[in-house]
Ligand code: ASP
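So this first bit is one chain, no partners, the form predicted alone, shown in structure tokens.
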């Protein structure tokens, strides 16, 4: 059996966390390939290494002295090395990074050095081979991942080593400059490696016991999800659930590799298993999870006999396309059509959009309503349970909250509800209480 294991920034925040990570890796011979993040915060007041690197680069780009900022980075890593008792010096790497920042090697280069240095330290501590992600993870000219070239390169080089550490978050461009994924991109690196080595399991270690049924900042002590499908995870991640970078799903999903979300601080917990397909579900908890996002607007178009007018919807969407505005949902009625969009995407263009819609479809009225929050209720068990939607709506109504929009996916995997921003937390708690307690 082959396991690829990724550890987040909180899992590598200091020497004590490094020890926990090493114990986890050494406890099973199957954990062969390790993807580390840069050290995260040691306390609420602390600064992540990646953020320090960004600050360093911004300071250097202004021609200002970075000595004080850079010393905080070197002290952090040297502290970890000394505490672990390693025979390792990063002085050469520090000097290369410092000079590269002064000579403006690029913001992505600067940001990636946290993972790079973590990888060197962890490889030394474990006695594993260190492989620079820049040598095996490749981006195309347009900045997108060169999937097949990367898969071949990772597969080829890792065949040579039984154990290896590959830093997360970055790769290289065709001109050999460093390119990073978006924040949280170490999840993607782990997924890429898991696919390339045909792993049996991809373990993603973080600081929570698994994927929670709701945001703990909104719902007090939400339950952990035991099993979730890739499709459910995709829905919840898109709507704001943040345990796993949503782009990390695709490489392993293609290879049918399950992901296990685990807690570095509580390795005895089973965590959440993410699988490609599952017909089973917890009959006590029909829904898998609840997630939501803020900052939406609803463009509502009304016109009598809209439903019998050929090409009406196409002409509406052409207006948005020409304005380069993507939509989230399209709930509609016989004589009404609503388009849910990000409020930021229409800022400064509202009057022009209304004018163009009037010219395109000659509606009876067009209006834009702001301050909408979207809530997704997701669960593979919903399609087999009668009255799920009614229970969702009743829970919100009983809390004295008005529903502004309803949209249910054709797969019956999710129900999307729009409410006023001020009613967001109350709605999520009401739904959670209805289905969990």
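Predicted model, so just to flag it, every value in this text is computed and none were measured. Positions refer to the first chain, counted from 1.
The same protein has a further form, the form predicted in complex with this ligand, not shown here; the description that follows concerns it.
Just one listed stretch, out of 349-357, 156-164, 316-324, 182-190, contacts this ligand in the predicted complex at the 4.5 Å heavy atom level, and that stretch is 182-190. Although this ligand is omitted here, in the predicted complex all of 38, 48 and 169 have a heavy atom within 4.5 Å of it.
Contacts of stretch 107-132 with this ligand in the predicted complex, defined by any heavy atom lying within 4.5 Å, are made by 115 alone.
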